[in-house]
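There is one chain below, alone, in structure tokens, taken in the form predicted on its own.
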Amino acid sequence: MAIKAFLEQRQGHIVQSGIPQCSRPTIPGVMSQRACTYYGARWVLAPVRNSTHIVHAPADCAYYGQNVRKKNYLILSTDMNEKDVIFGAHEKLERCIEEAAKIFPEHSMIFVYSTCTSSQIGEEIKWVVEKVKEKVQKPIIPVEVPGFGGFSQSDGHHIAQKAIISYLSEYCKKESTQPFSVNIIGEYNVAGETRVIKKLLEKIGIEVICSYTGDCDADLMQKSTSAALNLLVCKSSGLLLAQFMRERYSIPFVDVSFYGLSNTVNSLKKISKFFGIEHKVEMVISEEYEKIRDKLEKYKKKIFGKKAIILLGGSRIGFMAGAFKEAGLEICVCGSQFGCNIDYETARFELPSALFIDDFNCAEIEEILLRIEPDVFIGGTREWYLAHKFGVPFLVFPQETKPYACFEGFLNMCEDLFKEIHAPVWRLI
């Protein structure tokens, strides 16, 4: 009876038409693929350069938070133990912040995270931060992200944005607007994406000042207040910041995506229209497409009509569904770990007849693999080895080797899809 009730609850999360139930806590008993709020905050803040990161927690949280998108980032821990949990550890945190400031004098700011353990015993990290700020003489930003602060990493994205906002509010004043300049928000330079986006925008005469947080440090944050426009790439990890900068610094923002040719072209046109330089864009689009056309057609012929499953993070499903569809894939299943209504509506526009699934779990993925028998599975590292066990080629996203953004990135993506689908090893299965 309990299993029947559980399956009935999951029905609304798996739908063939419309959008699934989403933005809800995981149903008890489901082995969710979601990460915690702390990891969600690390996803946003870890790439900030020249900054010290201290987690007020047992050592395990530092270990968990050091690897973000397959990259290792330095993070320090107060190493809370049983005695600290019983008697409190605010003095230990004070010493840790002061010591870290001496060890890394070149760092411009310090992020201090509180996770489940320190939050459960009521450690006041904001009070500690205020207490040591005068001694340390550099900005210290508290980031309160206990696991119970939300039901997925998406909540951590929001808390991390608020941490950046608190820094901007206190330390960054509005500078005079720099013409033909933008910031990119929600772009993390996973495999060099920021470089190719910057290169493309420079071709139409636009300068990128700061990319939050893939190409970001304290100086760039200060300069970012002079941008004429913000480009919002990821709503989940950037919308709050974009809205804040619009209200505080009068910098408008537009939604853009540089994944897929159509998305890239539409975004370039949107940006050029804002700056009144539409005449430059058509020529650049034509030049960039000519560079990749022949190779692109070769790969698209080889992957056209292949059945695919895409299970990704929140804001990615909409624009990535369009990009993979443009590559020629037939997308049978689309899902997200923490997508919201807007994400699924965008994806449904691209995929009117695909099966949608929210907050998927291993058992459901196995069942889908058996029933759909896809030619390729596109997802995160958690699903990688599961797909291979079922003999299904897998493309990991966010990718690890080459940029997938803009024209050259789209060619890279199609090439990788071709290599995965047609790898000789699959003939042995």
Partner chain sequence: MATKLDSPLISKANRHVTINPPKMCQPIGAMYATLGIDKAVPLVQGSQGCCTYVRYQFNRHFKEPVNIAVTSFHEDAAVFGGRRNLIEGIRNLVFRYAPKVIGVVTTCSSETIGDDIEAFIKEAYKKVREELGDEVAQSVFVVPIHTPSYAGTHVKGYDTATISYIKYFAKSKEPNQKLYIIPGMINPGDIEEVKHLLNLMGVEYSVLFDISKTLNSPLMPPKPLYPEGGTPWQELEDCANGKAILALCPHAGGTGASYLESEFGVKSILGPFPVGVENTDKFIENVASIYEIEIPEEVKVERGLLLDAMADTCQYTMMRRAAVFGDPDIVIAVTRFLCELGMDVKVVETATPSPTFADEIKKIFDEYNIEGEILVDSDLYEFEYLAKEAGVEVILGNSKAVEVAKSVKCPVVRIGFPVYDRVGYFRYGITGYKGSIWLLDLIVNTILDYSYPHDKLHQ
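Because the structure is a prediction, the values reported are computed rather than measured. Residue numbers count along the first chain shown, from 1.
The following text describes the form predicted in complex with the partner chain, which does not appear among the structures shown.
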Practice problem: Let me know the one among Val196, Ile331, Cys116, Ala228 whose heavy atoms come within 4.5 Å of the partner chain in the model of the complex, would you? | Solution: Cys116
Quiz item: Taking Ser236, Ser262 and Tyr404 together, does each of them reach the partner chain in the model of the complex with some heavy atom inside 4.5 Å?
Solution: no
Quiz prompt | Gln9 within 4.5 Å of the partner chain in the model of the complex, heavy atoms | solution = yes
Quiz item: Can any non-hydrogen atom of Ser77 be found within 4.5 angstroms of the partner chain in the model of the complex?
Solution: yes
Practice problem: Mark Phe180 yes when one of its heavy atoms lies within 4.5 Å of a heavy atom of the partner chain in the model of the complex, and no otherwise. | Solution: no
Quiz item: Is Phe104 close enough to the partner chain in the model of the complex to count, meaning some heavy atom within 4.5 Å?
Solution: yes
Quiz item: In terms of non-hydrogen atoms within 4.5 angstroms, which of the given stretches 287-295, 205-213, 168-176, 68-76 touches the partner chain in the model of the complex?
Solution: 68-76
Quiz item: Though the partner is not shown here, which residues of 81-116 have a heavy atom within 4.5 Å of the partner chain in the model of the complex?
Solution: Asn81, Glu82, Val85, Lys92, Arg95, Cys96, Glu99, Ile103, Phe104, Pro105, Glu106, Cys116
